[in-house]
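Just the one chain here, laid out as structure tokens, in the form predicted alone.
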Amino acid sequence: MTDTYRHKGLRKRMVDALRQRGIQDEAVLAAIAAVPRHFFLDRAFEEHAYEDKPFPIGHDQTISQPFTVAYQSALLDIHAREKVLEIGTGSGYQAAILAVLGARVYTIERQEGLYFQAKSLLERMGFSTIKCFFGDGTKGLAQFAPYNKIIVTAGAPVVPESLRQQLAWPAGILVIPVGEEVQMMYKITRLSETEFREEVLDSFRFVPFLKGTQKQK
């Protein structure tokens, strides 16, 4: 795995484009500038890694476009040492961004093939603060709850109650896209044991948030 001056230059250009699109969180932009996105893509897409586009990563899944990663990461408002649960490891790119922001990341993936792939890559890249799990993300990861922040990287028809209940309080934040064809980004803040504040923000398109697990063939 090599990260050349050219790659770094393309990343800087991508970060400048994200800033122009309205991403203002400088910590998030710095994290995106630091993580080589081309490591997380098939070699066939390496030339296009720093375009603001999603790409297939196998198993009918995609790596989110950089704007979406930056948008969700900024909503989470990560602080050092916070426990963050990511639902949908995918390529591992979003988990890497969260780790660079200082989070202790717990990430769960339902596709066994992607789980092994992402776990191996993140270990090779030296991300010791990321713990990867294979399982059903709709249930969260109750054994390590509560979490300061939870991020879902797939479009959910509704907000799973299990994820709400695994948020720390006060001030735990869940960022989740909700909807069928098109999703609205929800930011849910846990105010107390029983109270939550919901903010409905911009529209996005994600792969569906599915129950269960898919074993590697």
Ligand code: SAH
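Residues carry their position along the shown sequence, with the first being 1. Keep in mind that what you see is a predicted model, and the values were worked out from it rather than measured.
What comes next is about the form predicted in complex with the ligand, which is not displayed.
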- request: Select from the listed residues L76, L114, C132, L141 the one whose heavy atoms reach within 4.5 Å of the ligand in the predicted bound form.
  value: L114
query: Would G22 show up as a contact with the ligand in the predicted bound form if we use heavy atoms at 4.5 Å?
result: no
message: If we define contact as a non-hydrogen atom of the residue within 4.5 angstroms of the partner, is Y71 a contact of the ligand in the predicted bound form?
response: no
message: Whether I32 contacts the ligand in the predicted bound form should be assessed with a 4.5 Å heavy atom distance threshold; does it?
response: no
message: Check Q183 for me: does it contact the ligand in the predicted bound form (non-hydrogen atoms, 4.5 angstroms)?
response: no
query: Tell me which of 165-173, 42-50, 152-160, 188-196 has residues with heavy atoms within 4.5 angstroms of the ligand in the predicted bound form?
result: 152-160
- request: Would you mind checking 76-112 for residues with a heavy atom within 4.5 Å of the ligand in the predicted bound form?
  value: E86, I87, G88, T89, G90, S91, G92, Y93, Q94, I108, E109, R110, Q111
